[in-house]
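One chain comes next, on its own, written as structure tokens: the form predicted on its own.
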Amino acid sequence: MLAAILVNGLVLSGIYGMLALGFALTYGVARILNLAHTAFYMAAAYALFFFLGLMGFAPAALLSALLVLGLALLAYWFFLEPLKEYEATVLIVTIALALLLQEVALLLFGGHFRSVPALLPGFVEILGVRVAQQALLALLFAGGVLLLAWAFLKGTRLGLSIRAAAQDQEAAELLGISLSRAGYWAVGLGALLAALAGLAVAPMATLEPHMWMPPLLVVLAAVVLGGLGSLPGALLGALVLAFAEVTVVNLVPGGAFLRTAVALLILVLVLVLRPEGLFGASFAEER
């Protein structure tokens, strides 16, 4: 049982980590609480399903990621950047965008469950646990993506600019960093991470137009747990929530029905006990 929790927790941590890092980047730099973030994840999974009928997996995945990236940048350019000073309006616009993507998926693909064939069918035994090879591939993929994203943010001039804008926008402007340019890069990188999470999940999950909602709650809880705007905090929050979810599913009778409730419970507890999150600046410091 412990081995099952470890293996499945790592796989889920990778998926949630990509989503949470993208969400935290978008909020930290562009100052947009993007409730459509996981709708991009859903759109990438459906796009992969569609393009696989026309071409092989690699070009289909590449086209799907580029499609979502373009969609996110267009939405930011047309709707979100001009409105980002109005937080309530941005929330309404992003939830409307998520619902629009959901309705488009419903119109194009119907309400039927869809599936994407696994790249690596079959199972292997690890620590006495039977694990799908596709899940291991998803774990390696997520780990590689997160390492590349972190190397980009830590080791490149542009990445340093994005991190500086996420930590302190006034200081970043004084250093000559363009917040507008950093915002576009952060939104693009955030959407790309959401799309890659969707591509990793598609061969393991059932595709349906509402599949973006449960991950959105987990991502919100992860970034609040880690501290809004904190990139390491978002990753740690995703890790904690993934293992909490897998533990409940494996140890609690009927736990599969409680997985979203666990994320919400952790979200509420964090807001009550430590509103600034594990790595966020305290409200007293901000004042």
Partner chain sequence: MGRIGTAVLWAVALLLGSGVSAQTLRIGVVGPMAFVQGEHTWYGATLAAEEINRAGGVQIGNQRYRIELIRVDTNEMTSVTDAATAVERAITAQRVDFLVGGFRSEAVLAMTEVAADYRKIFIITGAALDGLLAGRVDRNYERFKYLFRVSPNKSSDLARTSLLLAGEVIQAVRQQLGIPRPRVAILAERAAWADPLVETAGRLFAAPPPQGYGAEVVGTWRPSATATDVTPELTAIQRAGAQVIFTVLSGPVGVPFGRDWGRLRIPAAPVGINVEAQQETWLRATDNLGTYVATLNSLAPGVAITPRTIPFISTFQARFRQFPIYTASGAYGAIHILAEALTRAGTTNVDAVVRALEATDYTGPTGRIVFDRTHDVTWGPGYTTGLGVQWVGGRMQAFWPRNWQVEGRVVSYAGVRPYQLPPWVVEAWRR
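Numbering follows the first chain given and starts at 1. Since we're looking at a predicted model, the values are computed, not measured.
Quick note: we don't show the form predicted together with the partner chain, though the next part is all about it.
Whether V270 contacts the partner chain in the model of the complex should be assessed with a 4.5 Å heavy atom distance threshold; does it?
V270: no, not in contact with the partner chain in the model of the complex.
Just checking whether P253 would be counted as a contact of the partner chain in the model of the complex - the rule being heavy atoms within 4.5 angstroms.
Heavy-atom contact with the partner chain at 4.5 Å: present for P253.
Closest heavy atom of S178 to the partner chain in the model of the complex, within 4.5 Å or not?
Judged by the heavy-atom cut-off of 4.5 Å, S178 is well away from the partner chain in the model of the complex.
Can G122 be called a contact residue for the partner chain in the model of the complex at 4.5 Å between heavy atoms?
The answer is yes: G122 has a heavy atom within 4.5 Å of the partner chain.
The partner chain isn't shown here, but in the model of the complex, which of 122-130, 89-97, 76-84, 179-187 has heavy atoms within 4.5 Å of it?
The contacting stretch here is 122-130.
Quick one: from A47, V246, L236, L228, grab the residue that has a heavy atom within 4.5 Å of the partner chain in the model of the complex.
Looking at the other structure, the residue within range turns out to be V246.
Could you tell me which one of V104, L160, L217, A118 places a heavy atom within 4.5 Å of the partner chain in the model of the complex?
The residue from V104, L160, L217, A118 that makes the contact is A118.
Note that the partner chain is not shown here; using its position in the model of the complex, name the residues of 82-114 with a heavy atom within 4.5 Å of it, in sequence order.
L106, G110, G111, H112, F113, R114, in sequence order.
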